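The form predicted alone is given below as one chain in structure tokens.
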Amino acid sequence: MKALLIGECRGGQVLDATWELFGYAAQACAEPLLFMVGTKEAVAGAGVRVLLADASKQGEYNPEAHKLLILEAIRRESPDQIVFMHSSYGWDLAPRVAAALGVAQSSEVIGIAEGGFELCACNAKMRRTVVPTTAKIVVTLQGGAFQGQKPAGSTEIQDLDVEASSRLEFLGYEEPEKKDVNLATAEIIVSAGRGVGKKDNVQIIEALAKALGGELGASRPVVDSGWVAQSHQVGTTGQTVAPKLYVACGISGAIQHLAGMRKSEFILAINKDKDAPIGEVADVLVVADLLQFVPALTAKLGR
């Protein structure tokens, strides 16, 4: 089986998420081939065969032009799978490619199952298996679901080009606003999840963070509910963190959140559900009512 891996380049640099595609290919026992719109300097150490389109001509992002480039790569190589990250680049391009090919697409894949793929369901509380009905398949991978794995072989670069007119022009990137807290540098983070119940209870989690000398974090549902500012969000749509201690309070463990904190040195999870997915990555899982346990722990630390 051959997998065409659609890498991403930004500002002349290959994004680290690109190597997660190779982690997937290894698990799928697929022969990897990398497609990239970038520069030869950026992919010089890719360690694999690369179909490279010139970013100075095609733009680092142009969905109309990049779709045609990917279709040309597919025509040349006839891969069984076309694999994207489930990023802004991937979720824009993948359905365009799948529709052009008339093949199935599986989005936000978190694992490989017998004959198919594992996907999250019911707000990541459950998992389901889907089996494609077409011989060729377009796939997008949830960030953090597969371990990054950079190839160690030799790099072979093959130029790829198509002549295409586009109604779009790539102008550049707009930098996000500076955050009022930089969780990426914090050594201790205590995060509030949906399990805190209501906005007023966030102060219980914040008190524990202060007692530990750490920062307050939060899961996306807490931020979306307006209980905590977005600058405190941990996960694929927030900040990626790797503190010495990460305390997850009432966080079930959706893959989007796990991807943002699983590199923490030590993970303590507090959850009343002993089967919550967070337990799969936690070093210690405390099965308790956090509204009782957290204040007791904070009081103990204050003595």
Partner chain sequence: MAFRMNEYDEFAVEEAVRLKEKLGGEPDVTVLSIGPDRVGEVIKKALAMGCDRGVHVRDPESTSRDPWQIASMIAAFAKDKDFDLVFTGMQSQDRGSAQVGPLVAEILGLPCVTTVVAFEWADGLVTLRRELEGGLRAGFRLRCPAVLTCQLGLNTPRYPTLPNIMKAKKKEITLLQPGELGLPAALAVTKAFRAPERKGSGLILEGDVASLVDRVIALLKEKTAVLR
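Take the two forms, find the largest set of C-alpha atoms that superpose within 1.5 Å, and that set is the rigid core. Quick caveat, the model's predicted, so the values are computed rather than measured. Numbering follows the first chain given and starts at 1.
Quick note: we don't show the form predicted together with its partner chain, though the next part is all about it.
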{"item": "The unique member of 201, 87, 155, 149 whose heavy atoms fall within 4.5 Å of its partner chain in the model of the complex", "value": "87"}
{"item": "Contact residue in the model of the complex, chosen from 38, 32, 253, 238 - any heavy atom within 4.5 Å of its partner chain", "value": "238"}
{"item": "Residue 244 within 4.5 Å of its partner chain in the model of the complex, heavy atoms", "value": "yes"}
{"item": "Partner contact for residue 121 in the model of the complex: its partner chain, 4.5 angstroms, heavy atom", "value": "yes"}
{"item": "Its partner chain contact in the model of the complex: residue 206, any heavy atom under 4.5 Å", "value": "no"}
{"item": "Residue 23: touches its partner chain in the model of the complex, heavy atom cutoff 4.5 angstroms", "value": "no"}
{"item": "Heavy atom contact within 4.5 Å of its partner chain in the model of the complex, the stretch among 244 to 252, 51 to 59, 24 to 32, 38 to 46", "value": "244 to 252"}
{"item": "Its partner chain in the model of the complex - contacting residues of 276 to 297, heavy atom within 4.5 Å", "value": "279, 280, 282, 283, 284, 285, 286, 287, 288, 292, 293, 296, 297"}
{"item": "Residue 245 C-alpha relocation of at least 2 Å between the shown form and the other one, rigid core basis", "value": "yes"}
{"item": "Shift of residue 264 between the shown form and the other one at or above 2 Å (CA, core fit)", "value": "yes"}
{"item": "After fitting the core, residue 292 CA displacement of 2 Å or more between the shown form and the other one", "value": "yes"}
